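Here's a solo chain for you in C-alpha cells, the form predicted alone.
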C-alpha cells in the first residue's frame, strides 16, 4: 500500500512539476520560437470515457489537466472506433470521409470493409479526406503514426513517413519506446507530428462494463503507463517544444442482456439484402419495394430510433453517404440491437447517439501552445484537425472542423 501511494505521489510531483515550471514558462515559449516548428504528439486511449478520471485514480491525467487543458469531447455519430479515429485524423464526419461503420459494404466500390479484413484496411480506396499525416507530408513536415486508423492505407496514394502494420500484441511499453525512438532521431528525420494508439480501456469496457472493477484497474494502469511515457519524454532535449494531446474516440455505456432487441424476431430479414454494423447501430439495404414495410415494422419498436436515408437529424451529420444504405437503426440509450439471440452479450458498448454523455471522450493537452489549468468547453472531435494544423503552422485541407471552437484553449 505504501509503495503504491508513493508511486502516485511521485507521479503527480514529477509530471505536474515539470509541466508547470518548465513546459509552460515564457522562456519555454521563446525557446520554441527560436528553434522553429513545434511538435505535436497525440495518443488515443480507445474507449476512455470522459468521466473515468472522476471515478478512478488517475493522478497523471489529473496533473495534466492542471498543467494544461481538459475538455469533454463529443465524438462523431456513430460513436464507433474506426469512424471516429478517422474523423479525428481528417476533421471530417464519417458521412464525409466514408468510414461509416467498423464494418460495411461500400456500394460505390462494390466491396466489403471490415476492421478484421487486412486487405480492406490497407486499401486507400475506402478512405476519403486528407488525414493529418498527409497534410504534414505534403507540406514537408516529418510525421510518424503508430496504429492509427487509416495509417496503413495508401490514402491518396501515400502513407505516413513512418508507420507500422497493426499488431495488438505489441506491449504498451514498447509503443512508448517507439515514440521515444522517433523523437530521438536526427533533426532532419525527426517527426514533428506523431499519432499513436492504445486499444484499451475499450476491451475492458466491453467485457466488464464502464463501472466494472477490471475496467477501473485498466484505466488506472493506463495512467501509470502515461507516467512512464512522460518520464521518458522528459529525457529528450526537445521536451520543451512538444505539445502533448491525450484523447479517445468514444465513451462506453452499460448494457444488459435483458434490454435487447433481436432483428430476426421483429422483422422478416429476407426483405434485406445488406445488414451492416453491430450493436447498437445498423445500416440496412432493403430489397426492391420493401422499404416502407421494413421502416414501419422497425418504427413500431419503442426501443429503436429508425431513419430513412437522408432523413437523420442534421446534428448527427450522417445518413447521406451511399454506404449508409436505405435505413439507419440505432438502439435507445442502454438498449442493444442484435441480429438474433446469442450466448455472450458483454457488459458495455458504444455507438449510440453522440448527444449521450456516456459516449463522450477525453481530451487533455499540455505544452507550449496550450493554456494552463484551463477547462475547455465541449467540442466535436472533427475540430482536432484544424487545432493541430494551427499549432504546426500547416495549411489545413477543407474539413468539418471549426477552429474557433478550440481556439480558446490556446495561449
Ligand code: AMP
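These numbers come from a predicted model, not from an experiment. Residue numbers count along the first chain shown, from 1.
Quick note: we don't show the form predicted in complex with the ligand, though the next part is all about it.
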Can you tell me whether residue 301 touches the ligand? I mean in the model of the complex, with a 4.5 angstroms heavy atom cut-off. no
Can you check whether residue 80 is within 4.5 Å of the ligand in the model of the complex, heavy atom basis? yes
Would residue 46 count as a contact of the ligand in the model of the complex, using a 4.5 angstroms cut-off between non-hydrogen atoms? yes
Examine residue 168 and determine whether its closest non-hydrogen atom to the ligand in the model of the complex is within 4.5 angstroms. yes
Sort through 182, 208, 197, 295 and report the residue having a heavy atom within 4.5 Å of the ligand in the model of the complex. 197
Exactly one of 238, 152, 232, 220 has a non-hydrogen atom within 4.5 Å of the ligand in the model of the complex; which residue is it? 152
Of 115 to 123, 256 to 264, 280 to 288, 317 to 325, the segment with heavy atoms within 4.5 Å of the ligand in the model of the complex is residues 115 to 123
On the criterion of a non-hydrogen atom at 4.5 angstroms or closer, are 130, 192 and 385 all touching the ligand in the model of the complex? no
Residue by residue through 335 to 359, tell me which have a non-hydrogen atom within 4.5 angstroms of the ligand in the model of the complex. 350
